[in-house]
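Read the single chain below, which is given as structure tokens and is the form predicted on its own.
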Amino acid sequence: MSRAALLVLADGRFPAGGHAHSGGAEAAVRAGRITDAATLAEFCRGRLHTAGLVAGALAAAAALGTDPGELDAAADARTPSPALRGVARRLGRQLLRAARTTWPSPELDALAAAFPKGAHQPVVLGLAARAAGLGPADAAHCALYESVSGPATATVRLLSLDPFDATGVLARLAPELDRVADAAVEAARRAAAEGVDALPAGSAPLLEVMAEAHAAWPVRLFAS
């Protein structure tokens, strides 16, 4: 497998639309839950073990070849917030467009035909990784890194947080991210044998509630 392909897929400059989203950080900043590097680290750790784990397992399962239709339904069931479901599909549609151009693949073409309004982003991410010749661990790491790098980058803009401090948060989370990625891949392999109900369903109710409130704001810096 190509480690260079992994760098391309995980690069924040890959035109997948993620730069327009804060991963809940904008609402958390307004609510006073993120105020500095320490509270950003707490927020990112919470995302890592809930929404991040779920996304990592879905991406890993897609990379393993689990039916994307079943995975998309599983992602829907694990995303109570209509606002977040809409965001996931919009990001999935943009990622799929970028991935089909970068790594042409019959599987990606089939996904586009099956989900004209977009499949959930982690499902698309896993199939994109598969098309790029990457494995389930790579897909899980990409999904998990996105789950924390998005809020960290957004907080730099929202709070004028020192970029060095934000990067330090991500660096210190790296060993924990590796452990969560291992758990995500293990769950994905279990789901391949037992069905998608074996995938994790880590709950983050506050993220869901904040997403609904954020979607109703008349003025906001980020789309989510």
Partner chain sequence: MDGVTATGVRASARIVARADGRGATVLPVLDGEGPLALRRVRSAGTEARVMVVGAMSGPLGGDRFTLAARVEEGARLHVGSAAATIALPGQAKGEARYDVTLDVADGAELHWLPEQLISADGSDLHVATRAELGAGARLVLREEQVLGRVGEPSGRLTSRLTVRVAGRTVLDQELACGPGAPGGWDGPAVLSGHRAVGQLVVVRPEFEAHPVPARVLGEYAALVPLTGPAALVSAVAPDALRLRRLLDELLAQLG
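Numbering follows the first chain given and starts at 1. From a predicted model like this one, the values you see are computed outputs, not experimental measurements.
Just so you know, the form predicted together with its partner chain exists too; it's not on screen, but the next bit is about it.
D162, D67, E42, D182: which sits within 4.5 Å of its partner chain in the predicted complex by any heavy atom? The option sitting close enough to the partner is E42.
In the predicted complex, is there a heavy atom of its partner chain that lies within 4.5 Å of any heavy atom of R90, even though the partner is absent here? No - in the predicted complex, heavy atoms of R90 and its partner chain never come within 4.5 Å of each other.
In the predicted complex, does R78 have a heavy atom within 4.5 Å of its partner chain? R78 belongs to the contact set for its partner chain.
I'd like to know if R157 sits close to its partner chain in the predicted complex, meaning any non-hydrogen atom pair within 4.5 angstroms. R157: no contact with its partner chain in the predicted complex.
Against its partner chain in the predicted complex, would A20 count as a contact residue? Criterion: heavy atoms within 4.5 Å. No, A20 is distant from the partner.
Kindly confirm or deny that P15, R100 and G150 each have some heavy atom within 4.5 angstroms of its partner chain in the predicted complex. Zero of three within 4.5 Å in the predicted complex.
Quick one: name the residues from 204-218 with any non-hydrogen atom within 4.5 angstroms of its partner chain in the predicted complex. The stretch 204-218, when checked against its partner chain in the predicted complex, contributes A204, P205, L206, L207, V209, M210, E212, A213 at the 4.5 Å heavy-atom cut-off.
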